[in-house]
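For reference, the chain that follows is the form predicted on its own, supplied as structure tokens.
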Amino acid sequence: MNLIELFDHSFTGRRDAIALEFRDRAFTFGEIDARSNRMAQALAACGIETGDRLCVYLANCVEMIDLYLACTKLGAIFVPINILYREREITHIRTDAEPKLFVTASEAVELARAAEGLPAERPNAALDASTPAALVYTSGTTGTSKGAILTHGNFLANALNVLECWQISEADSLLLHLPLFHVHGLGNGLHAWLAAGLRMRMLERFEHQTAAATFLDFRPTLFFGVPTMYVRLLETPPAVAREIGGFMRLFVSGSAPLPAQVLEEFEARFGHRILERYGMTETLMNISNPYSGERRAGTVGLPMPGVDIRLLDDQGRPVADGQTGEIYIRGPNVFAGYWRRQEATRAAFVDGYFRSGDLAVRSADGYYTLQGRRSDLILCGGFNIYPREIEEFLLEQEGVAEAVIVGVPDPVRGEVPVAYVVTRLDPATLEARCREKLASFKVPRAFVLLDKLPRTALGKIQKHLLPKVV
């Protein structure tokens, strides 16, 4: 099975139903199908064939959807580029992916015009579950980004899991602020929309000043967000938040850890407990808190159907419940490998399991709690320090808006933790509170106060951009 066969549930079965709202325009599923067929014809006229790469550097727009679906129907490989990237990062992806066509806003307009007069006939391409659908580059927060090859089968498995586990159907409506250049917006948002046949309103970006008004106008039942969006939504007046909570069915958070404090405050204000889950560019969704059942604060929940999770120590041995280990993943959601990086691909897999680089603890009843990246683990005088534990404590303090812990070299202890904090509190107060509640070796050796933390478009903290501590 391929993605288009899955989407035909909507393209054919709900052809006349309103599918998409964008910038005061509405499109039916039949129109979305026909538009992408014409776009596929336009791309074919430019020489795009099965296996060719199409780089797309666009903010959310209908043309981006047209291009993605056109590539999917042609068997071409869609390569989305973060709209925040600049020349150096773009050049790396262009050089690595070697696209036959590079599409920016101006090219998208030209292609859309060329597609208008073409027949809405679907291309006849040989597609199956192993056909590459997208080449999505990792965020590159710690080094050169690599292209993850995501197949039709990967996206299919993920879409079906998301629909089943979160009980999404055509009766839902989705408000999508997430960018389509990221797998959160593409693999969850776009695919859930087309697989379920629900109505979606897409925005170019999340704007916290107008977010509440957009909720009230569209009255969705579903929202996929990242922690920074939920922090901003906490600014919503209580009466408005209660009204929004009255028509919403499900809020989902991912792409970065959700502080437990935010989850609790959001539930108190909106009357909904956010469902936190865990995924990666290379694997899409892996673990999720249950829709029906306990959504446990600080955890990402239980493995999704068909996804096999192992927690292993440095020697590759299973760890006991309550002990920290690295997450290894196997399942139909796991990518086909890194683009033209055979050595990196081999190194990423052990006995058929993808080595995530993420650390976690499993509870006795199967819930997973992330402990950060293996590369973030701080080795201080023989002790292991997991940054998230300290970050969570700092975020519990009234007056602390953001916090991140990093390890810096120390001639005696090897490494020591340093805190970067967005707060109105002074460093002495922060240190005193840490000393009262944390083991001495976990107390940050310095507190650096910032106006804001550097983040990617999806809210992940870019630790390499933090100021150096002398």
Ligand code: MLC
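These numbers come from a predicted model, not from an experiment. Start at 1 and count along the sequence shown; that's the residue number. Rigid core (definition): largest C-alpha set, two forms, superposition within 1.5 Å.
Not on display, but discussed next: the form predicted together with the named molecule.
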message = So if I measure heavy atom distances to the named molecule in the predicted bound form, which of the stretches 78-86, 168-176, 396-404, 214-222 falls within 4.5 Å?
response = 78-86
remark   = Partner-free chain; cross-checking the named molecule in the predicted bound form, the single residue of T324, T228, T236, S145 with a heavy atom within 4.5 Å is T228
task = Only one of Y291, F247, F349, F383 comes within 4.5 Å of the named molecule in the predicted bound form by heavy atoms, so just point that one out.
result = F383
ask   = Counting only non-hydrogen atoms and a 4.5 angstroms cut-off, does H152 reach the named molecule in the predicted bound form?
value = no
query = How about H182: is it within 4.5 Å of the named molecule in the predicted bound form, going by heavy atoms?
reply = yes
request  = Would you please decide whether G279 lies within 4.5 angstroms of the named molecule in the predicted bound form, comparing each non-hydrogen atom pair?
outcome  = yes
message = Even though the partner isn't displayed, in the predicted bound form is R435 close enough to the named molecule, meaning a heavy atom within 4.5 Å?
response = yes
task = For G293, state whether the C-alpha moves by 2 Å or more between the shown form and the other one after rigid core superposition.
result = no
request  = Please check if V443 moves between the shown form and the other one, taking a CA shift of 2 Å or more relative to the superposed core as movement.
outcome  = yes
key: Change in CA distance between N384 and P257 in the predicted bound form, which is 3 Å or more, as closer or farther   = closer
request  = Could you tell me whether V416 and V262 have their C-alpha atoms closer or farther apart in the predicted bound form than in the shown form, knowing the shift is 3 angstroms or more?
outcome  = closer
